[in-house]
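One chain comes next, on its own, written as structure tokens: the form predicted alone.
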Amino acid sequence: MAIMRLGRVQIRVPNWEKSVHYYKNVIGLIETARDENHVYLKAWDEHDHHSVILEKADSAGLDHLAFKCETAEDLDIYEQKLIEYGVEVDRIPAGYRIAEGEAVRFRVPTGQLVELYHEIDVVGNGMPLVNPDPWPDGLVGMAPPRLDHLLISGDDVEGTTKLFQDIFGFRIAEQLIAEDGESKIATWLFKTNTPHDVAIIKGPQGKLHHIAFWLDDWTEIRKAADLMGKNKVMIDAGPTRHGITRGTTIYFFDPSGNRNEVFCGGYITYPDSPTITWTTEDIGRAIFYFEREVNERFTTVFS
């Protein structure tokens, strides 16, 4: 029984045509399907049919996030564990979304909808599985190889953190602690071997701070910054480095106002990795290690 990874995010984009163009041509995701109100996209090195769904909507934000499980039976096991934990659970039928099987849906204490799934069509990464090249032809934009993580906000950081730990076996890579020395302001949780598959921060209930795409190295981060300049993308912060996770980063906004990040570096986590703790007096260095301060927009703008 295991969650393998963050599998997808579905985000609302009121500025529809510009947002679709942006995610396909500036970020460089690949369209795999669409219907009247959704466009399905994948990063080039992902084999599953999609990892990002754009939803035509009146306001920006996160519709849901979803984790992929190893087997279909995991859905039954996790569903029962959630019910015993006191969480209300719904079943999403196969075919509800293009290329997907059944899913289990629930809401975490910070207000976001989360789904678990296993079955999804496999379309490959554009290269053969025997004697492949390093990357396929025809990549455009920033061309991230994968969706990496997201940061969500809400009132009950500790409640959502505990749920992910107790039910799904997530571990805390890093945490930001309040002045009382105990209360959690933010947590960075991992299930794979990255510093964070999902992070949770004290803030507006049920909101999204950002979704992040992986790039392989600092040169790719610099190229992404050039592409933002060429395409007049609004940059929020960076290029810079985090103290938390040690990753290098740029934060920026899509045409609908959802914050994106490109991220590389950081460290490898293991089940026995200790939790790193940051305190509020050093929050500037924790978030932006070079500047040692956080701009107001970064802490107040959510979607």
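Quantities reported herein were computed from a predicted structural model and do not represent experimental measurements. Residue numbers here begin at 1 and follow the sequence given.
Below, we turn to the form predicted together with another copy of the chain, even though it does not appear here.
Exercise. Taking 4.5 angstroms as the cut-off for heavy atoms, does residue 278 touch another copy of the chain in the model of the complex?
Worked result: Yes, residue 278 lies within 4.5 Å of another copy of the chain in the model of the complex.
Exercise. Is there a heavy atom of residue 133 lying 4.5 Å or less from a heavy atom of another copy of the chain in the model of the complex?
Worked result: Because a heavy atom of residue 133 falls inside 4.5 Å of another copy of the chain in the model of the complex, the answer is yes.
For this session: Using a 4.5 Å heavy atom cut-off, state whether residue 85 contacts another copy of the chain in the model of the complex.
Result: Looking in the model of the complex, residue contacts with another copy of the chain do not include residue 85, since no heavy atom lies within 4.5 Å.
Exercise. Does residue 194 make contact with another copy of the chain in the model of the complex, using a 4.5 Å heavy atom cut-off?
Worked result: Yes.
Problem set entry | Selected contact from 75, 225, 113, 92, since only one has a non-hydrogen atom within 4.5 angstroms of another copy of the chain in the model of the complex | After the contact test, the surviving option is 225.
For this session: Just one of 151-159, 186-194, 75-83, 95-103 has residues with a heavy atom within 4.5 Å of another copy of the chain in the model of the complex, so point it out.
Result: Every other range fails; the passing one is 186-194.
Exercise. Candidate spot 44, 239 and 268, all three in 4.5 Å heavy atom range of another copy of the chain in the model of the complex?
Worked result: Yes: each residue has a heavy atom within 4.5 Å of the partner.
Problem set entry | Stretch 226-249 - residues with a heavy atom within 4.5 Å of another copy of the chain in the model of the complex | Stretch hits, in order: 226, 227, 228, 229, 230, 232, 233, 234, 235, 238, 239, 241, 246, 248.
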